[in-house]
Every structure is written in C-alpha cells, then in structure tokens.
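Presented as structure tokens, the chain that follows is alone, the form predicted on its own.
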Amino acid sequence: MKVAIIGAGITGLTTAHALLKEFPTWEVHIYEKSPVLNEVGAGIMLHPNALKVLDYLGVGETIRDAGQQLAKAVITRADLKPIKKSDIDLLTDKDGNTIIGIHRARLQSILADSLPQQRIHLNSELLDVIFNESSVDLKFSTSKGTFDFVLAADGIHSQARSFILPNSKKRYSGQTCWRGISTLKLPEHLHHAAFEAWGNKLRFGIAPISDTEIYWFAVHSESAGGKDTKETLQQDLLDLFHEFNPIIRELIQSTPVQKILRNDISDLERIPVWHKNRMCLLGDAAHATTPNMGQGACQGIEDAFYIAQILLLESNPEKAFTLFEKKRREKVDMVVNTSWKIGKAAHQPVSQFFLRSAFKIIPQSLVKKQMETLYEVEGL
C-alpha cells in the first residue's frame, strides 16, 4: 500500500507513526510545502489523551523528557490570584498521565527524527489532485505520484481541503493572540503549573515548557487582520496588560521582540464531510478549533491513532474513512463548540462573571467526570 500524508506538522507526523506501527511494510510518504521543518517558536500543551497515543507509538517518554510536567492548570484574576484552586487529580487520567508543556518545534523534531527521513518530502506544495477509481494522483511543486489513498493533515488553511470542499470557511473569534517564549526565572509557586489570567477583554497565559523556558500567550479582542509595529510592540503589550501582575509584564519585556508572534484566533466552520473518494482530512484540516481547551493538537493526535486502528479493521479506504468520521465527529464537535464558547465568554464581562461563579460552585466530581470523557481514547 502506498500512502501520501499531506502536511508534516504534529498531526501528519503522528499519523505516519501510527500507520507504520500497524502496517510496517506500507510505503508511507509525507509531503510538506515548507522548505524546512520549522514549527513556530511557541509552546503546546499535551493532555493525557494525546500522551496515551504517543506512549502507544513509542515516543511518549522522549517527549516527556523534552518537556515539562504541569501539576495544575489555574484560571486566575489579573493579579494571578486563583478564581478557584486547581486539583491535580482533575488533570490526571487513570494511568497517572497529566499535562506536558513542550516547545512545538521540539515536539515536531522528535516526531520527525524517528521516521524514515527519505519518506519526508520538504518544499512540496500540493498543486493538484485527480481521483481515479482505485487510486489518487497528486501533483506537487517538485514531484508527482500515484497513491492508494491520501490523508490530509495540512492545517486550518488546508490546500487539500479545497479539493474536497472548495467553499469551506474559517470563523474569526474576534480575538488576536501574541505568543512568545521567555527564559525569565519564575517564582517557586508558579513552577510546574499553567496559569491563565483574565481581565477585561484580555487574557494572559503562562506555562513552563522546559526547565529554562516559559511559554506565554496574550489575548485581546481585536479586529481581524491587524498588524504590529515591531518598534513599539513590547510597549503596546505592556500598556494593554498594565493592570496585570508584574510577572506578566516581565515576561513580555524579557522576550526578544522579533520572536513575539501574532495570530488571529479562528476555527473552521463545521464542514459536512471529511473525505472524498480516497482522500480524508485529519486534524485542523477537518476540525480546526480555537485553543481555549488546549485540545487542537491533541485531537489531531487522536485522529492519527483512530485512522490507523480503523484501517486495521477495514481495508477499503473509502469505507474506512466513513467509519473514521462516524467515530470522531461527536467528540471533535464537542471540543470545537466548547472551546468557542469558553473563548467568547472569557471576553464578555457578564459571561465572564457567570463563568467565574460556575467555577466556584461546580462539584469537583462533575468536572472530573467531564475530564475523564475528554481524556478517553478507545482501545488505550
């Protein structure tokens, strides 16, 4: 079986691992439009559901060693005082897995370096797709080929998706995010924990991703398509967050301005189908979500596991893709919709008030049950 994976991000690389674990004789090729593997310089949170899959694929311990275990995740006021204290048990699955913070580029390198390098094709932008009766012809900027089936994991801006659903739409949240990594030494009480501080239409997140690196993100309600002026960017952010804890301002000041990234926060409007003929969308290409639950990459990693497991049971790709979508729809819809609602509520004063009140009164047992559902991966 000859398979093409479009996109060498986290979902695409994990999918290659999953296929090669179950089908070691398959010819699996990964095509990436960028000339180098260079995930943006920011952090990522891997929750227990993703770690279960990565453990199954044999890379979990390497990833843990390269990242930082986070004992708790706390929503706070602007002064970093918790709205409600976190219980580590809420973030831990039955196997003892909790959240791992890691640099995105480091995670990508671990996944890429443990795959056959001759099967990773860089500088290969997808240009055309031709569906045949029992194969798919792909044309890239530097090559072309015929494959038994294609798995497209090329993100929210997926080029592959345009050949399945040319009219799919992204949905802007009304919020813009700045991200950076600092080497500032945090006070002891902020070690091994992720914090998200809420202000008036402002949020600021902090998460250690190694012994020496702190990933941070700053979110503000903005019109789409805004641009920064590098000469004033740090001061602009300091002015936005002037009422927040001084540590937050120190994180901004300690990050080189050229390494502060800006992105509008969007997700993908629900699309009616993820597959056509012998091509199937995975991860953000199928169900991109806002980052408010920390589940974007985690759901892509789950997709990688499930598609390989379903192909073990159903060898016909078109039938397998139908089963895959049936298996995954309910969970990813829940993640996308819940994440969207959290992001909206966090930036509206009245909704934020009710959210804060709910955090205080919702029983821990109910939250634990919801987290167990989120962290469940069938078969692991």
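We number the residues from 1 along the sequence you see. Owing to the predicted nature of the structure, the values given are computational and were not obtained by experimental measurement.
As for the form predicted together with a small molecule, it is not shown, yet the points below apply to it.
Stretch 122 to 130 is the answer when you ask which of 122 to 130, 194 to 202, 225 to 233, 273 to 281 has residues with heavy atoms within 4.5 Å of the small molecule in the model of the complex. Under a 4.5 angstroms non-hydrogen atom cutoff, the small molecule in the model of the complex has Lys33 among its neighbouring residues. Among residues of the shown chain, Val336 is not one whose heavy atoms approach the small molecule to within 4.5 Å in the model of the complex.
The closest non-hydrogen atom of Phe305 lies beyond 4.5 Å of the small molecule in the model of the complex. The closest heavy atom approach of Ile10 to the small molecule in the model of the complex falls within 4.5 Å. Checked against the small molecule in the model of the complex, the candidates His220, Arg249, Lys72, Arg104 yield a single residue with a heavy atom inside 4.5 Å, and that residue is Arg104. Ala297 is the sole member of Leu111, Ala297, Ile206, Ile181 with a non-hydrogen atom lying within 4.5 angstroms of the small molecule in the model of the complex. Contact check at 4.5 Å (heavy atoms) against the small molecule in the model of the complex: none of Val3, Pro116 and Pro317 pass.
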